[in-house]
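Encoded as C-alpha cells, the following chain is the form predicted alone, with no partner shown.
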Amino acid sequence: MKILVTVKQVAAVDDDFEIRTDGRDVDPDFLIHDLNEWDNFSLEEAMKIKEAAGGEVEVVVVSVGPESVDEELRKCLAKGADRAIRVWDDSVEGSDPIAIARIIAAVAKNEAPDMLFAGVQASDHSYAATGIATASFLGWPHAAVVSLLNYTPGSKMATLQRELEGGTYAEVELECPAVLTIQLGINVPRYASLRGIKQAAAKPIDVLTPSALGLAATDVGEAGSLSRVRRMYVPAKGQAELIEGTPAEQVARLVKIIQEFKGV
C-alpha cells in the first residue's frame, strides 16, 4: 500500500521587507522558509498508518518547487517518509493552486497511491484549494478539514471526522482511494531523530519535470492557472476615532464621517 503526502515550503517575511521590483511578490531576500505547519500533521497521520501496519505501507512525499524545497523534503525523510519527489522546471513559475494541483494529480497517476493526504491550507497564502482541486483532477472522493481518521491499510473505506463551522463535526465514510486534507491537532507530529536526519541526508530525491509527467507547457505556470497576482502592496494604515457624546451627537458625527468618505 502507498500513501502520497503533499508538502509545501512556505515563506514568512521579516519585520522589515521590500516588495519585488515587479510589484507582484516580496523580495526573496526578505523571506524565511520552512515546512508548512499543516503538512507536519499530514505526514504524521501517514506515519501512524504505516507503523500500525507493521511497515507494509510506503509513504511518499511530493512537493512542487525549486531546489530549495529539498530542505523541507529531507525533513520529511528524516521523520520516516520512504521516498521524496520534487517537480520543477522554469515552466512551473507562476503556477496558482489549480496548476499546482494539476501537477500533483499527474504525480498521483504515476505513483498510483491508495490514499493522498494534503494539509488543509498553507500558512503563507491560505488558499485551501490545492488538495480539493487535486481530487477533482483525479476524479477521487475527497474530504476537507479532517480532524480524526480511522483507516486500515488496504481497506476500501475510511471513516473520518470533519471539522465544520461553529464548533460542530461531521462523521463521514469515504470510498478509497481518496484525497483528505488534514487539519491541525489531528495528532502530535514527531521530531526527527539524529539518526533519521543523517539517513535523510543520504537519500535521493527524485526530481521530475512537468513534461516527464505528461503535462504540456499550457498546463502549468500562468498559462495553466485560473488566477494570478497582479499587484502586492502594503495597505495604508488607518486611524481609529472614538466617538463620544450623547447618542444624538454620536449619530451626527457618524453621518458627517460617512459624508466625508463619500465626498459629499
Partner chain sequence: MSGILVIAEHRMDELRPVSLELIAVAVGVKAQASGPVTVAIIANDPQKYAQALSVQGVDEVICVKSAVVEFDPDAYEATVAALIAAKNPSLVLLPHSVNSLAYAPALAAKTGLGLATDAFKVEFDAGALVATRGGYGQKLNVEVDFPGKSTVVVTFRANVCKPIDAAGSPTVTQMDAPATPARGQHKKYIEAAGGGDVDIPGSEFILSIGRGVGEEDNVEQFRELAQTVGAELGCSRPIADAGWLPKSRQVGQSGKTAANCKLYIAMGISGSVQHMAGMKHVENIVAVNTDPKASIFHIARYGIVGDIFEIGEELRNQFPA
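Residue numbers count along the first chain shown, from 1. On a predicted model such as this, the values are computed, not experimentally measured, just so you know. Heads up, when I say rigid core I mean the largest set of C-alphas that superpose within 1.5 Å between the two forms.
Keep in mind the form predicted in complex with its partner chain is missing from the figure; the text below concerns it.
Asker: Does the 4.5 Å heavy atom contact test between D15 and its partner chain in the model of the complex come out positive?
Answerer: The answer is yes: D15 has a heavy atom within 4.5 Å of its partner chain.
Asker: May I ask you to check whether T218 falls inside a 4.5 Å heavy atom distance of its partner chain in the model of the complex?
Answerer: Residue-level check for T218: no, no contact with its partner chain.
Asker: Should V92 be classed as touching its partner chain in the model of the complex when contacts are defined as heavy atoms within 4.5 Å?
Answerer: Contact check for V92: no, nothing within 4.5 Å of its partner chain in the model of the complex.
Asker: Though only this chain appears here, would R190 touch its partner chain in the model of the complex if you measure heavy atom gaps against 4.5 Å?
Answerer: R190: no contact with its partner chain in the model of the complex.
Asker: With the partner left out here, if you bring back its partner chain in the model of the complex, are L226, M232 and Q259 all within 4.5 Å of it by some heavy atom?
Answerer: Contact check passed for all of L226, M232 and Q259.
Asker: 106-114, 155-163, 190-198, 73-81: which one contacts its partner chain in the model of the complex at 4.5 Å, heavy atom to heavy atom?
Answerer: Of the options given, it is 155-163.
Asker: At 4.5 Å, heavy atom to heavy atom, what parts of 102-138 sit next to its partner chain in the model of the complex? List them in sequence order, or say none.
Answerer: In sequence order, Q121, S123, D124, H125, S126, Y127, A128, A129, I132, A133, S136, F137 come within 4.5 Å of the partner.
Asker: Could you check, with the core superposed, whether the Cα atom of D25 shifts 2 Å or more between this form and the one not shown?
Answerer: No; that C-alpha moves by less than 2 Å between this form and the one not shown.
Asker: Once you line up the core, how about D16: does its CA shift reach 2 Å between this form and the one not shown?
Answerer: Superposed on the core, D16 moves its C-alpha less than 2 Å between this form and the one not shown.
Asker: Rigid core fitted, then: does R230 show a CA shift of 2 angstroms or greater between this form and the one not shown?
Answerer: The answer is no, as the C-alpha of R230 shifts between this form and the one not shown by less than 2 Å after core alignment.
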